Structure formats: structure tokens, C-alpha cells
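As a starting point, one isolated chain is supplied in C-alpha cells, in the form predicted on its own.
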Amino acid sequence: MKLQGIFPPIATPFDSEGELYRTKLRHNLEKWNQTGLAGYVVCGSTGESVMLTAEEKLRLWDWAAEYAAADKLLLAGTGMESVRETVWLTNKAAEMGYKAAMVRTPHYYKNLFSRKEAQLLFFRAVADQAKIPIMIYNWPQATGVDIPAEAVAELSEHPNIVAIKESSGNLEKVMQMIREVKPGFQVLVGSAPTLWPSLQVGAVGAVLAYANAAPYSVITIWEAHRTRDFEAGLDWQNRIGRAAYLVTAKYGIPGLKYAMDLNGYYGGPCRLPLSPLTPEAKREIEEAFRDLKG
């Protein structure tokens, strides 16, 4: 399975009552279908997956599979704290036609899950029982758990663990993983501010929250990499840097959803306790995205 290109972990649309908003999900997917995005991650961190019930995840997977274009690869965010629930969700997604599962590092018992041995046990146990391939999802800024490159290299030997989404933004670690993993294992990144240099050192693609709001700009960086247009790639990386920072590291999902609203997608409200932006934050995002529309 090739996971090359740009994948947005799609934002989950909610209505004013906090319910899933099917019409707006269709609106966003039909617009994204017209772009060169490689596919979609449904129920990732950007989709507020920790705020969703299992039933809601199943509904979102069903709707997204209905509205996604046939040429878009569907990935499901299925990571939970236990092997049992992760496997159950993964295999439900497989039944709905999803091609791979993105599984985050468990982190509630940090003193235990920070150990390499526990991480190896978790991912191997999930992969042994999963009906579709597994992508490791590492985001230590959110989980407080960072899976080491050495553990990723060991996990790459498992026939059903095919990739990692490395969201730390640590370029040196990305390079180490690319050197040490089994040939054919794919390293994708989750940091838009380091997209271009990550591609240059061997990453095969990216899962980027920022791509929800301005997909064309990161698709342009991917195409510049693919065609070896180094000047264009570096230029566009510099253009997106501040906007990407604002809607990820600084303001997170509320900022991203506001940027989506600015650019003709539906962002809408977040689920509590994620809070709305201040007027000052909105002005900052408006300024950063002024030249990144369409």
C-alpha cells in the first residue's frame, strides 16, 4: 500500500447543537474531492476524535466513505487506550472499506506506556488482529508519550505495520527513522511547518491538519517535491509557515476551523471544552490566510 501525497485529517463538522453535521461533511468532501489530495483521515486528532463516541465514529466513517471520491484513499483514526477497543474500531472501519488505520500511541498511563517494551507490545498486538494495515501515529506534544525511532524500526518488521505519521516536527528523528526502518516502510509527517525539508530527507507524504483549510498550498509543495522544483517548494514552504503555525501549535482546532470558514469550507463550532477564538485571534488568522485562499 502506497501512502504518498497529502492527507488531511478531516475536521468533524458540528451544528449549533453540537450534533454531527452530515450536510457540511458532504460539502467539505465534495470540495476536497476536486483537489489533488491523496485521501482523507477520518476521526484523527483534528477530527476531535477524543470528543466522539464510538457510535459517532462509525457514522462519520460511513458518511465519509459515501462522499469521498473513488480515487481518494480512506484512512481511519482508530487509536484508543486498550488493544481490545482499538482492534474493534479498526476492524469496523475495515468492514466499511477503509484501507488502513492510523493508531495513536496510548498515553494515559504515561509511566508505563513511555517504555519501549509497552509500545512494542501494544502495536504488535493491534497489528496481529487488525484486518487492515496499521499506521503508527506519534504526537508527543499532545500525548506526552514519544515513541523512539528505535521502536519504530523494530515495529517496521511487522508485516501489518506499514507506516508512521510522525508529528513531533523533529527533522533529525524523521531522518533517523528513514535510515533505520525496513525497506518499504513509509514515513509520513504531521507538521506543515517542516513539510518541505521532511520530503527532502525522504518522507513519502504528510497528514496535515492545515490541509483542511488551504489544501492547494501543500499540494503545491508536494508537486514541487515530486517534480524536483526546489525553488517553488521552498517558496511555498515559506508562504505557509505562519498560517500553519497559527492553526496548529498556537490556536489548534478552533483556529483551524475558523480558517476553514474563511476559505469556503465549513469549520463551524468545536465541542466543549474547546473554546471559540477571541476577536484578536480571528484577526491574526485572517491576516495570515489573506494570500492563501482558494
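It should be emphasised that the depicted structure is a prediction, and the values quoted were computed from it without experimental measurement. In this text, residue numbers run from 1 along the sequence as written.
Another form exists, predicted in complex with another copy of the chain; not displayed. Remarks below refer to it.
J.: For this chain shown on its own, do 72, 186 and 212 all sit within 4.5 Å of another copy of the chain in the model of the complex, going by heavy atoms?
T.: No, none of the three is in contact.
J.: Report yes if any heavy atom of residue 205 sits within 4.5 Å of a heavy atom of another copy of the chain in the model of the complex; otherwise report no.
T.: Close contact is absent here: in the model of the complex, residue 205 is far from another copy of the chain, nothing within 4.5 Å, heavy atoms only.
J.: Mark residue 26 yes when one of its heavy atoms lies within 4.5 Å of a heavy atom of another copy of the chain in the model of the complex, and no otherwise.
T.: No.
J.: Is residue 279 close to another copy of the chain in the model of the complex, meaning a heavy atom pair under 4.5 Å apart or at it?
T.: Looking in the model of the complex, residue contacts with another copy of the chain do not include residue 279, since no heavy atom lies within 4.5 Å.
J.: I'd like to know if residue 33 sits close to another copy of the chain in the model of the complex, meaning any non-hydrogen atom pair within 4.5 angstroms.
T.: It does not: once another copy of the chain is placed as it appears in the model of the complex, residue 33 has no heavy atom within 4.5 Å of it.
J.: Taking 4.5 angstroms as the heavy atom distance cut-off, pick the stretch from 78-86, 156-164, 213-221, 91-99 that is near another copy of the chain in the model of the complex.
T.: So the stretch in question is 78-86.
J.: Counting non-hydrogen atoms within 4.5 angstroms of another copy of the chain in the model of the complex, say which of 38, 58, 260, 51 makes the cut.
T.: Of the listed residues, the single hit is 51.
J.: For 165-181: residues with a non-hydrogen atom within 4.5 angstroms of another copy of the chain in the model of the complex?
T.: Counting only heavy atoms within 4.5 Å of another copy of the chain in the model of the complex, the contacting residues of 165-181 are 171, 172, 175, 179.
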